[in-house]
Structure formats: structure tokens, C-alpha cells
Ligand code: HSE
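Before any questions on binding or motion, here is one chain by itself as C-alpha cells, the form predicted alone.
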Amino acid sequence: MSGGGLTRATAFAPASVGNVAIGFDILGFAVEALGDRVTVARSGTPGVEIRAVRGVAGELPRAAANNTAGQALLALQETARPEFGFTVEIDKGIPLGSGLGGSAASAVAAVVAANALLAAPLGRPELLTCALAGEAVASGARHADNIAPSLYGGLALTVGIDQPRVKRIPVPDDIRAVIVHPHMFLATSDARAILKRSVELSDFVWQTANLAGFISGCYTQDLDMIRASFEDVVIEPQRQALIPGFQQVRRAAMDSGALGCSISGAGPSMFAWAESRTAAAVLAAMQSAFAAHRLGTDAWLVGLGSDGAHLVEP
């Protein structure tokens, strides 16, 4: 829904799991069980003014250029050149530093809401580029593995940065995603800072084969191929030390029948894919393993066919 006659709109953008183990910075899926809402209204004052931040996030920057939603809207203004400014209210439903795409969701919800106020609304590829500018504020890098699924929904593969192309990847109907968020904070920028800048050739080949096998398994509904390919040999070995009990949580998931289990985005949340008959057992096992390390958790069991960001008002 869009149109130049609107003066105020609210959009919801879902959380997301980035990387999906084998697709660092290029693969992610939406988690509609939680997300952010952003309300944008026309203003007679040029620029972007953030008037309120509510919800679970705590303190966030109010200066537009330092806020993911604000910077995304500044990028949209640069692209669309509206004859008005924006006021913004952000309702955070995704905890900060959770690895569930909170910065991406705020940026996506902001541009979707603002787009409804434009006389000539932008297309989703242009909205993606604007939201990427916001994501860079939080993570220090332009990557779309959270932005794309939050905007497009489902499991999304993104190719390119300056002119990104997004392809939704089909997922077998019986697969469920298990998301477990331990009650701790981990900044995306910190989790990126520890990563090596080079990769062994053997690991590059292995990771490339896993990504290709995983996507092939999704298209052909080959669960055995998905299971065999669901292994990150590049990023996960470097980041797992940041998450207390990582190995025990992963082992508990796999022993309970998961197809694969890894870190959600930069962490500390973890996720698993499982068939519907084993998904509840996988969730319980992962929570129990975190509890053994004295970490409380929130958890969600979701499908993988969501539609992504959308207007909720009007």
C-alpha cells in the first residue's frame, strides 16, 4: 500500500537470522515472530527528526545520522527528493546485540513506512539500498543478509552491494527454524572485529561447496543434502568462543534431530533447522544446554515462508 496522499504511516519489519551458517553476509531468513515497528510522518522541517524510541532496545542515538532508521531515511531522501522532511517514532521489538537483525529491521521498517508517503514510491531494490545505508551505522559494513529477508521475507540470497540483487530461495515445507536467544549482549561490530581478513584456500573450497549444496538442497527438497551442507568452516570457528556453551548447545540440537545448528548473525543467538516432528525437541534441548551455563533464554519456533516488511497503519 502506498500513495502520495498519506501524511503518516507505520510499518512492521521482521527480525532475521543472518549468514545462515554457510552464507556469510549474503544469506538470511526472516523471523516474523518478532520485529520492529517504525512510524514515519511528513514534516515541514527538512531532514529527519527521531522523536521517540520505545520498546526493548534501551537507549539508542536520536541523531538521525547515528541511528539505523534515521540514516536509512536520510538515504531515501537523497534518492527520492521529497519536498518534506520526516519525523520518526521507533518501537523496538528486537533486543539489541541479539544477533537477530534488530538494526536491519528498524532501517527496513523506516523506509517502508516513508515510502508510503511519497508521491512516486520507490521499488524494493531501491528501498534495499537505502536500508543498507542504515545497517552500516550499526555494523560498520554494508551487508544485506539481514536487510534482504526483513524486506523481502523468507530465505533470501543477496548478490552484490552497490546494485544488490535478491533472490528468494524456496525451503521445503516441513522445515522449521528454531531460534534461541541467550540473555546476553554481543555487539555486531565487536563480533566482526575478531574475524580474520583472509581464508585458507581449502576452507574457501569447502565453504563454497557447502553453500552450493545447501541452496541445491533447498531447491530440490533434498533434506540429506541440506544436512550434509549445513556446516560453517570459516566464520563459526572464530566466533563460537564469544557464546558461552556454544558447543554444548550445538551438540544438543544435533542429537535431538536438527538438520544443522549455528550462530544467528553475529550472535549470541543460535538457530537450528529441523523437521516439524523434531523441532520442539530441538528447541527444548538448546534451551536446556544454555541453562546449564546459567543463561536464561527466549525461544521461537517458526516457519520459513514469511512475506517480510509491510504496512500496518493505515
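From 1 onward, residues are counted along the sequence shown. These numbers were taken from a predicted model, which means no experiment stands behind them.
Heads up, the form predicted together with L-homoserine (HSE) isn't pictured, but that's what we're talking about next.
Within this chain, Ser306 is remote from the site of L-homoserine (HSE) in the predicted complex, having no heavy atom within 4.5 Å. Using a 4.5 angstroms threshold between heavy atoms, Ala266 counts as touching L-homoserine (HSE) in the predicted complex. Contact between Asp298 and L-homoserine (HSE) in the predicted complex is not found at the 4.5 Å heavy atom cutoff.
Mapping the unseen interface onto this chain, Arg176 falls outside it, with no heavy atom inside 4.5 Å of L-homoserine (HSE) in the predicted complex.
Residue heavy atoms within 4.5 Å of L-homoserine (HSE) in the predicted complex occur in exactly one stretch of 185-193, 86-94, 106-114, 72-80, and that stretch is 185-193.
In the predicted complex, Asn19, Phe24, Asp25 are the residues of 12-51 with at least one heavy atom within 4.5 Å of L-homoserine (HSE), listed from first to last.
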